[in-house]
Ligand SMILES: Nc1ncnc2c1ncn2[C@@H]1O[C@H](COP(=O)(O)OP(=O)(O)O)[C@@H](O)[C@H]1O
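As structure tokens, one chain now follows by itself in the form predicted alone.
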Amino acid sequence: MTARVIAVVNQKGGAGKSTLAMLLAGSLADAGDRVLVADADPQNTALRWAQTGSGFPADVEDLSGEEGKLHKHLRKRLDDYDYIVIDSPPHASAPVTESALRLAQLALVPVIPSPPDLWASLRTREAITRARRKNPTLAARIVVNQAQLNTLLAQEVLALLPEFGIPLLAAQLKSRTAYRQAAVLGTTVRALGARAAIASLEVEALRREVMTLLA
């Protein structure tokens, strides 16, 4: 099977790109798939996450130096994996981000429900539109991250997202301690056991929806 490629992209730092990439990759690997996380962000958050512990089930590699050649490098690895998840830098027009979108079948855009995050994500939408000139089959979904749905501001921002031009993923990531614990311990949410049961269900819903989109 040729790997399905997922690019996690956003113009704004702090939107949760690395968290989304690692939670998804970990869940896919826990389910038995061969997964590579291509850490294309020079901050190397994904790489540090995996190196903190000794049991992260997906391969994680620093590919931030590939810049605009990332898609060429990853094309050589497509037969080695079932899924490749690209964690891109917080710069939608960076050569490495454009390269990631050129190869991906699916772009996931994590958005925290706040006006600044929504405004910053407009640049991401523009980058996806440009990428479709060379990659017309590229699909895209917004992933609501750190959702606190009991606040009026979050509800107002979420009401605007359907007009954003990129469909919403049904699965959402709430603001949960379990996600931070997984990063600190260098593991997956599933590995945290019963204390992360609700978080595990949330990530499982994310994985299943992504797999359906890429089927």
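So that there is no doubt, residue numbering starts at 1 and follows the sequence shown. Everything numeric in this text was worked out from a predicted model, so none of it was measured.
Although it is not shown, the form predicted together with the ligand is what the next lines describe.
**Student:** With the distance limit set at 4.5 angstroms and only heavy atoms considered, check whether G13, N145 and S175 all reach the ligand in the predicted complex.
**Tutor:** Yes, all three are in contact.
**Student:** Does any heavy atom of F56 come within 4.5 Å of a heavy atom of the ligand in the predicted complex?
**Tutor:** Flag for F56 set to no.
**Student:** Answer for T19 alone: is it within 4.5 Å of the ligand in the predicted complex, judged on heavy atom distances?
**Tutor:** Because a heavy atom of T19 falls inside 4.5 Å of the ligand in the predicted complex, the answer is yes.
**Student:** Closest heavy atom of R34 to the ligand in the predicted complex, within 4.5 Å or not?
**Tutor:** Contact check for R34: no, nothing within 4.5 Å of the ligand in the predicted complex.
**Student:** Would you check, heavy atoms only and a 4.5 Å threshold, whether R48 touches the ligand in the predicted complex?
**Tutor:** No, R48 stays farther than 4.5 Å from the ligand in the predicted complex.
**Student:** Using a 4.5 Å heavy atom cut-off, which of 24-32, 65-73, 185-193, 166-174 contacts the ligand in the predicted complex?
**Tutor:** Of the options given, it is 166-174.
**Student:** Can you name the residues of 47-61 that have a heavy atom within 4.5 Å of the ligand in the predicted complex?
**Tutor:** The stretch 47-61, when checked against the ligand in the predicted complex, contributes no residue at the 4.5 Å heavy-atom cut-off.
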